[in-house]
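One chain comes next, on its own, written out as structure tokens in the form predicted on its own.
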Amino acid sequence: MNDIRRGDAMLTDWRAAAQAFEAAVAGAVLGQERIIRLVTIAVFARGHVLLEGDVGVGKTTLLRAVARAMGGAYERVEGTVDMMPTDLVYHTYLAEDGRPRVEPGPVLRSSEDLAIFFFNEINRARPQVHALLLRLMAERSLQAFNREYRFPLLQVFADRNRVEREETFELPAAARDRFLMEIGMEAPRDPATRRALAFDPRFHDTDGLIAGIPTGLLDPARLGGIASAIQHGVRASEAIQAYVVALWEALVRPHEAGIRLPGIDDMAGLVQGGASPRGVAALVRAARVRAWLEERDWLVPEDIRAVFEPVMAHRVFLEPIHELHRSEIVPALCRAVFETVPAP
């Protein structure tokens, strides 16, 4: 009984830390409360995050704020068309004595203490770089200098500019599946928030905003244990389990669930694949963290709904004829799934 009480107290303390983390990030990133909550869920679910959105909506600012508020060893790279996989691992240069030198690159610079790896403009990097990143994300390990490096604390954050198409490379399906969430970020629509972003000089100085965030609010070395405690501590009833499976089935086979979308005649040929068991397990992980943040130790349908699209949408692969309109079709499909499957 005492162990249970100590566990409950620990989770309560960490919930307070999570709330302080959200507040700190929100102080620098105005009007993005939903996005910040989703990122917080990903942090405590120990999953990688991909942000996408238009130019200038604050993707990089958000991820910089998250890195500072979390604390721990942090590295950042900028995606470029000429980047090679080795650029992540090491770099070479001529020393003052004229001799070549080899030093660890951004992935290895902090060695196995690396907690946050931020890949800016990830779609500007070539597929060879994506392939190396995939192993890093999937296995949290890397082979270099005749040894294997392991990164038990690692969480990858990346952003993608969805506007520009020249000299960009779309991430392969396998790499996208390794992201717990793909989160679309838009400019705030609230008029007061828009005025503040446009006229308040505080929001014109990104470096100053980031510097003002308290650092080390979360201990990366302890996040894994807390994440495990959350997953074991939040219950899923038989009804919720059946509900999640029904949502999964409807997402993969919408025609069998009776779903119809405007402009699509052949619903049976809409979904090519995806939404694997790994994806559904990620959905449950994220939903449990959401319940914990809402001060519950049991899942409700709203927990599933709150994280469904960020976790599942990028794991649905459409037939090629429909991929061009993916940004309209997949969100509509997700909404139709919830309208079709009855909640317990």
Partner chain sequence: MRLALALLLTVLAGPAVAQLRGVEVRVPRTFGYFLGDLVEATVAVEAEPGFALQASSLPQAGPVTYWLDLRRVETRQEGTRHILHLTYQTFYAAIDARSLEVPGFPLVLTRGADHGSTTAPVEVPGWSLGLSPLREVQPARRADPADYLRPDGLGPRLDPIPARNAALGLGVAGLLALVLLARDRAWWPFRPRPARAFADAARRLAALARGPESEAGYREGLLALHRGLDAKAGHRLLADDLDDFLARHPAFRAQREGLARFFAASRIAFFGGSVAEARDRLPLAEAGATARALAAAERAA
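Residue numbers count along the first chain shown, from 1. Model, not experiment: these values are computed from the prediction.
Another form, the form predicted together with the partner chain, is not on view; read the next lines as being about it.
Within 4.5 Å of any heavy atom of the partner chain in the predicted complex lies no heavy atom of Glu295. When contacts are judged by a 4.5 Å heavy atom cut-off, Ser237 counts as touching the partner chain in the predicted complex. Using a 4.5 angstroms limit between non-hydrogen atoms, Gly27 is distant from the partner chain in the predicted complex.
Among heavy atoms of Glu302, some come within 4.5 Å of the partner chain in the predicted complex. For the candidate spot formed by Met83, Arg176 and Phe179, no residue has a non-hydrogen atom within 4.5 angstroms of the partner chain in the predicted complex.
Among Arg315, Arg290, His48, Arg64, the residue placing a heavy atom within 4.5 Å of the partner chain in the predicted complex is Arg290. Residues placing heavy atoms within 4.5 Å of the partner chain in the predicted complex fall in a single listed stretch, namely 302 to 310, out of 53 to 61, 281 to 289, 40 to 48, 302 to 310. Residues in 19 to 39 all lack a heavy atom within 4.5 Å of the partner chain in the predicted complex.
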